[in-house]
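Next up is one chain by itself, shown in structure tokens, the form predicted on its own.
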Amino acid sequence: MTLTRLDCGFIPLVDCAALVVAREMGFAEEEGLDLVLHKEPTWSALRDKLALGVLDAAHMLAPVPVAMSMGLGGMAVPLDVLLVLSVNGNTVGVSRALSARMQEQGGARDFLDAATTGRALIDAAESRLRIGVPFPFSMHAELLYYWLQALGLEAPKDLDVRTVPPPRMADAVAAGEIDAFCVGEPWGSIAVEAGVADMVLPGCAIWRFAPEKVLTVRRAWSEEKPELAGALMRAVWRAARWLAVPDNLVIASELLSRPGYVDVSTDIVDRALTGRLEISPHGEERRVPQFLEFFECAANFPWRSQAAWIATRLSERMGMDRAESVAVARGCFRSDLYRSVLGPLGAETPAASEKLEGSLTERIAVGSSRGQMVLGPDFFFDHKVFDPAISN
């Protein structure tokens, strides 16, 4: 069989797993694709290569296609989110010195207590908090701003936010360039292993089920090459379903740890995949349910309500028209393509493309194509609910 080459960029993070599995376990080949994965050094490099057509597809931060389609951050290029690659998977870490001061301020004993941890962080900061995020338009930044703003800090105004590529996060802490960070695994664990930081919170303690990385293409490409877009979607969706089988995670850890991909120890990758996090250099471990999710609870579905949440946050911060921004964002998250391409493959699809974000505190069955969809908890730490209809 002759394969069609498809170039896809990624950043070395554990949440690129579905792309690596699609290539290495043969799902892409079975769909007629020679899926060539390109490791990129920064999110800006990855974004620009996708926008310029150097890459066909990308493992992308969920807010980037929304921001670019809104005309923010570089070239204004309409992008399509074909499916969600991962949910959650971020950690918040602080320098050892700041961690000690947080404990003096009554830091939380519960690793999932975002409110107590956030208050201790604000109180322990000796000056304007210098905090590293991988990219300005990222869920890392949005989660931090939402969290600290809800606790009374004017974010990002009262923060010194610095862009640090994920693999450099530990070095930035060690060099005294930042006091804290929010980053995807394995780079929070690497900072802990290096003895320069403590983990104080998983990102899912702020928003229990937050879209993190998305499979993104240029809209012009998806319109010109619908067969290729469909083949890519099928391959990646099948890889995500494979990752939902616990017995497969040992193989996934080995694949991701290779030099061409994440290039860290298999043990660190395995801890991220299974939600067993070491939070201090002393080896203290915490278990986090659904720390990183690839498939269960409709993790892959591109909910337009999540796009609306991102657009609402960006438009408020940038002084843009909210209704226009939300309309653009909804068009980016292609729930229509997801249904048409993956429905025939057996993917469970919800009856609606939007939902109340943050309304669920337990698992619940919802209307879907096969009547078998169960959504899990998705609450925000402050228990507010985002209604996408109000953003119109």
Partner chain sequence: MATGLKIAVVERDRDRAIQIIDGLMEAGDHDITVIGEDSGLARKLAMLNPDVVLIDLENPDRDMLEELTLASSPMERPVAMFVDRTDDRATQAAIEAGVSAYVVDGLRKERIKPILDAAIARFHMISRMRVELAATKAALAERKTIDRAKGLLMKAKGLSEEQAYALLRKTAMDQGRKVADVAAALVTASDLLK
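Please read these numbers as outputs of a predicted model, since none were measured by experiment. Numbering follows the first chain given and starts at 1.
There is another form of this protein, the form predicted in complex with the partner chain, and it is not shown here; the text below is about that form.
Is Arg101 part of the interface with the partner chain in the predicted complex - any heavy atom within 4.5 Å? The answer is no: Arg101 has no heavy atom within 4.5 Å of the partner chain.
Can you tell me if Thr42 lies within 4.5 angstroms of the partner chain in the predicted complex, counting non-hydrogen atoms only? Thr42: contacts the partner chain in the predicted complex.
Quick one: does Thr274 come within 4.5 Å of the partner chain in the predicted complex, counting heavy atoms only? Result no; Thr274 lies far from the partner chain in the predicted complex.
Give a yes/no on whether Asp34 approaches the partner chain to within 4.5 Å in the predicted complex, heavy atoms considered. So Asp34 does not count as contacting the partner chain.
353-361, 22-30, 44-52, 335-343: which one contacts the partner chain in the predicted complex at 4.5 Å, heavy atom to heavy atom? Result for this chain: 44-52.
Would you mind picking the one in Tyr261, Phe135, Phe209, Trp242 that has a heavy atom within 4.5 Å of the partner chain in the predicted complex? Result of the distance check: Phe135.
Here the chain is shown alone; which of Thr163, Ser265, Ser280, Asn248 has a heavy atom within 4.5 Å of the partner chain in the predicted complex? Contact check passes for Thr163.
Just to make sure I understand: among 172-194, which residues lie within 4.5 Å of the partner chain in the predicted complex, judging by heavy atoms? Result: Glu177 alone.
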